[in-house]
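Let's start with one chain on its own, the form predicted alone, as structure tokens.
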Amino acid sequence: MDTQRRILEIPVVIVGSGAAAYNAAVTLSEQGMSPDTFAILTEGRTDGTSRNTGSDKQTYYKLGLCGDGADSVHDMARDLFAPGCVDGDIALVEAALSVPCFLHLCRLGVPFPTNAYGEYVGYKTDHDPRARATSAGPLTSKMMTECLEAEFNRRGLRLFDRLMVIEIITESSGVCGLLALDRDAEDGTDPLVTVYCRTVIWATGGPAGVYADTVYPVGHTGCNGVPFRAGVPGKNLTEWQFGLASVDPRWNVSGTYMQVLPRLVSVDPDGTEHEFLSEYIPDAGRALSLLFLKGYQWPFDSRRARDGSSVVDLLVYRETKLRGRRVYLDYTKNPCGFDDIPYDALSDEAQDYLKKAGACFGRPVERLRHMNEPAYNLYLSLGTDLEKDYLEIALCAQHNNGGLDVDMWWRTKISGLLACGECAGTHGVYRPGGSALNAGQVGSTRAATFAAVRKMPPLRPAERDRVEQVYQAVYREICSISVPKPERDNTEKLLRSFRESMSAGAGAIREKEAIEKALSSRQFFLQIFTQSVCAHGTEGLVRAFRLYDTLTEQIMILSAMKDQIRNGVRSRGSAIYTDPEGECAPGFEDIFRYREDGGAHLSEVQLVTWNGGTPRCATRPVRPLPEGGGFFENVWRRYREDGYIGCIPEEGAPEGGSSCR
């Protein structure tokens, strides 16, 4: 292999190219950093979740900014903190900076709607006691990314595309470098790019490659395995959101997609159709009311799995995973054999909504186009015409509420390594819909602010030597898994197999034996990785390192699940742990029994450290919700003296602590 080296020197590196990454770069520039001192590295500029995903009405959650409803920073912080397993200082920061970050997006051109008086009107979203939510439409995060990217380009900032970061290199003082695969490197040449750096802002999104049944966009896989192996603990890794989503194209079927009451159809391998919702719930009024509620209550919720709207999710799971059928939404005909829906038989909530929307008529697709034409047009633009096409769906992974453990400045335990966006674990068991978009903007603002004011010395010779040592070790690994063409590249097959087994037994429905078996098999495979993986060319190497990263993330998540079972954590949030002695929803005896978590564990977070592939699990109490506020004259004096810098703790300050007084 040709070993001609490519080396970059970039003091501050942002890894990722979504809304959080671009905001971090723009914030560094706004803070006065020279464009030659920082840059974005990304493996695919247009591949991320922010740019390629959304739902019926993609939501941004922020402090209320309209009407006479009382709201405050602390009210919002309490609501972010309340779902459990959330650190209070992070909740307060996310609430306090929600308005500045939201208005920053508005100034950059994201078209959030206002009324004639300039108020940013809102609506209630899931787990939201107030009408704090807003939206620019089903492509809100795409608009955010594009507006931030436009500002990034206007400022003349640097981006290196097609570089997949595979190693964070540290020395005793913290980060000293990165290694990346150049996806455009010619076969037979050295694909490694060495990056000397002092600060890294990790913004690679959630662990999208963990499951086979996923609504994350095809081009996005996440990359948390790299910081896990560098020593960053994972936090709340078991806390996911699952929900019904279309398989191709991948898109959440929330909101109007369910509220217009489409048919739910499963199809046997021989083509036989089953309208299984009415088979399970003969009372058509109740069946259709639960279907309607799936629009409001889109995430699967174990609390609603016995007699609530999440029964619909369980039915889809049973049809696909246990009966081997494919499941579709059909918008061309009304459900339950009705020519006309008996609207008076629906729940009061469903009746009231559909009547106010003027949608008590016609077929599901006609109701959809009447209520939300953009939702219909979105699928049409992706090649699916709901006027005539069935839409295949499954119970899919949508968002990981956990991630890398960070403090209130989005710092990890490794000096110089910060994390923001979905890869940072700032949420708990539940979260208000749309809070992830706010968390990404707030976290990237905080991380970039810290990086901009933190004065770092040049790399020492010992640190440069450390980078060289890691480069040589990784280069040898690349040589050992690269094989000539006659041998079979098995990377894609292995990725598919490991993802499918995660969806089967460790997704929304989790079985103790399946979790233990999956964990053991992955730990064993990592021990024989270089002997078992064959990769052809540069793209084969990309898949091989993606496999290694995926296995790392799966081992961390499975270890966290196993530890929760051992410590008596039961079904909660968007997951059900099966229990042969538990209860079950009537009619689901053939699937599982389970018991709800009593809430005893909601005042602590679970931490998992890599530990060479045999992760260690521990818990700590959540950091409490701070009082915040302060006497104005004292805060003003401190701000005049030190500005924002006065609120940034020195390295080594207590976790989550601040020097603000």
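A residue's number is simply how far along the shown sequence it sits, counting from 1. It should be emphasised that the depicted structure is a prediction, and the values quoted were computed from it without experimental measurement.
There is also a form predicted together with a small molecule; it is not shown, and the following applies to it.
Just one of Val316, Val467, Leu417, Leu163 comes within 4.5 Å of the small molecule in the predicted complex, counting any heavy atom, and that one is Leu163. Heavy atoms within 4.5 Å of the small molecule in the predicted complex map, among the stretches 623 to 631, 41 to 49, 26 to 34, 607 to 615, onto 41 to 49 alone.
Remark: Glu422 counts among the residues lining the small molecule in the predicted complex, judged by a heavy atom distance of 4.5 Å or less. In the predicted complex, the small molecule lies farther than 4.5 Å from every heavy atom of Thr426. Shown alone here, Asn252 lies within 4.5 Å of the small molecule in the predicted complex, counting heavy atoms only. The small molecule in the predicted complex comes within 4.5 Å of no heavy atom belonging to Phe228.
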